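One chain follows as structure tokens, the form predicted on its own.
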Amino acid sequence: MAQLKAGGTFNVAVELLDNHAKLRGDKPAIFCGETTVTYKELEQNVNRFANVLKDLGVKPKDRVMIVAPDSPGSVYAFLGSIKYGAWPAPVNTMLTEDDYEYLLKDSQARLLVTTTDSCASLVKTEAFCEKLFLDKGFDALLKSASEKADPYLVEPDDIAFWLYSSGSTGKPKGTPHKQISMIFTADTYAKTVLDISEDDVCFSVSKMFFAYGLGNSISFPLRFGASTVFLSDRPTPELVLETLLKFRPTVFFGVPTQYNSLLKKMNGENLDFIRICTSAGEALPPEVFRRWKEKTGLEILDGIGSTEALHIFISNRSGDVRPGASGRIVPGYEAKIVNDDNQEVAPGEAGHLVIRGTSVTPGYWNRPEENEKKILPDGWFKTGDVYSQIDGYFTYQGRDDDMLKAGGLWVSPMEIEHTLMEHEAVNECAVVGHGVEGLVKPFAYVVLNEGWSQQSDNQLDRKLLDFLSGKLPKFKRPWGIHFVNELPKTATGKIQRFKLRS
């Protein structure tokens, strides 16, 4: 097949698909509801989508924004765009019309791939981009295109796709990623930590618009010829449990909130088909780890990644788990903890986590001030997370702007939250600082477990504070507790503490 002359020899869509389509073409690549897509069908439909883009007049490096549930169609759009040379940008499916208008204009998208029931479909885009609906004439459009497509070949360090930061601290930021990045995260974390192979079936609660979900659902299984399971609907604990029992995945990717919710819904189900569980998005409370292992017999490998690094760069390992810690550095990455002057701190001292690795973004789109703050000399990236480290094990303390200083001493919200989670009444909690007589003091926001009610126990806040008094020094104890029905979160499960501070 003739190859497009784009100044290079690499295309990550080719790397992920071509060999598997030849060697295991009849093997299921995707399970989604009652639909199964083989590797050969996946390659053909990715090629068809690439040809659809050409027919629509999309050019290489044009942005293709994808606002759609996880499904075979969204994979065709993502990988087909990369194969053609366009830059796909999967984004959160649960935003408002105004949010999508901002994202489309910020990215200068040429094409919007969405569904007719999405708020994104309401944005008036005629002036700057076209729309393509996955649930309206898409199958016919795809079938009309050729199943052969020439790859747009570039260099491994050229841009392949975008993600948008989750917005846990404000407006999402466009985050370009290189062609090589998906291969790098697969060959580091997925291989060295999870040991994923063609025998595995992967299922991710996190969606593909989230960096964690993109690796879990696409690059990891496709890199090694495994199968992936998609849940197109909102991942309620009932649907997640149903999906687990139906498809029996061997690798389960969750987030702390989902593990906590599943524990409440499970009633003796046997999950012995799972060989490994992972968690990211927020630090996993030790209490959730303990209860999950007690109920299922399975360890959860907690780790930390970011949109900017594409996936997990610090993780626990099977048989080497420290509850409450994020684990050790993933081979292929470097990490250190520094002070405000970018000098390394002493072991055990809290500071800013900076990392270095091939998958780190070259920089945010049109954010020079952010890039100056985050992209440090010699390829180091400032994550915005506060960590401490002893004997190679990294422990999360909070985000830069989440840390509190009480009585002249730094206080980690995570330490208070994890301790509160040990109380049987507490389902979830978040700790933020509020001003008291000109000083910042910690306050806790608590979601109660079923069967507990503040109204039925007017002294519950006092009981929780007394519980903490036996476990934390005085300067770390909250000044008050607010009971709420839910905590504000991003779609990826991260608590938006800035909303609680406002």
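Start at 1 with the first residue shown and count on from there. Small disclaimer: the values here were computed from a predicted structure and weren't measured.
Below, we turn to the form predicted in complex with a small molecule, even though it does not appear here.
For the marked spot (210, 282 and 305), a heavy atom within 4.5 Å of the small molecule in the model of the complex is present in each of the three residues. Only one of 238-246, 82-90, 420-428, 381-389 lies within 4.5 Å of the small molecule in the model of the complex by heavy atoms, and it is 381-389.
Mapping the unseen interface onto this chain, residue 322 falls outside it, with no heavy atom inside 4.5 Å of the small molecule in the model of the complex.
Taking the partner from elsewhere, residue 228 is found to have every heavy atom lying beyond 4.5 Å of the small molecule in the model of the complex. Within 4.5 Å of some heavy atom of the small molecule in the model of the complex lies at least one heavy atom of residue 410. Put simply, residue 310 is close to the small molecule in the model of the complex: some heavy atom of it is within 4.5 Å. Note on contacts: among 76, 253, 396, 100, the single residue with a heavy atom within 4.5 Å of the small molecule in the model of the complex is 396. With the partner removed from view, the residue among 204, 114, 326, 361 that has a non-hydrogen atom within 4.5 Å of the small molecule in the model of the complex turns out to be 326.
In the model of the complex, the separation between the C-alpha atoms of residue 383 and residue 475 shrinks by 3 Å or more relative to the displayed form.
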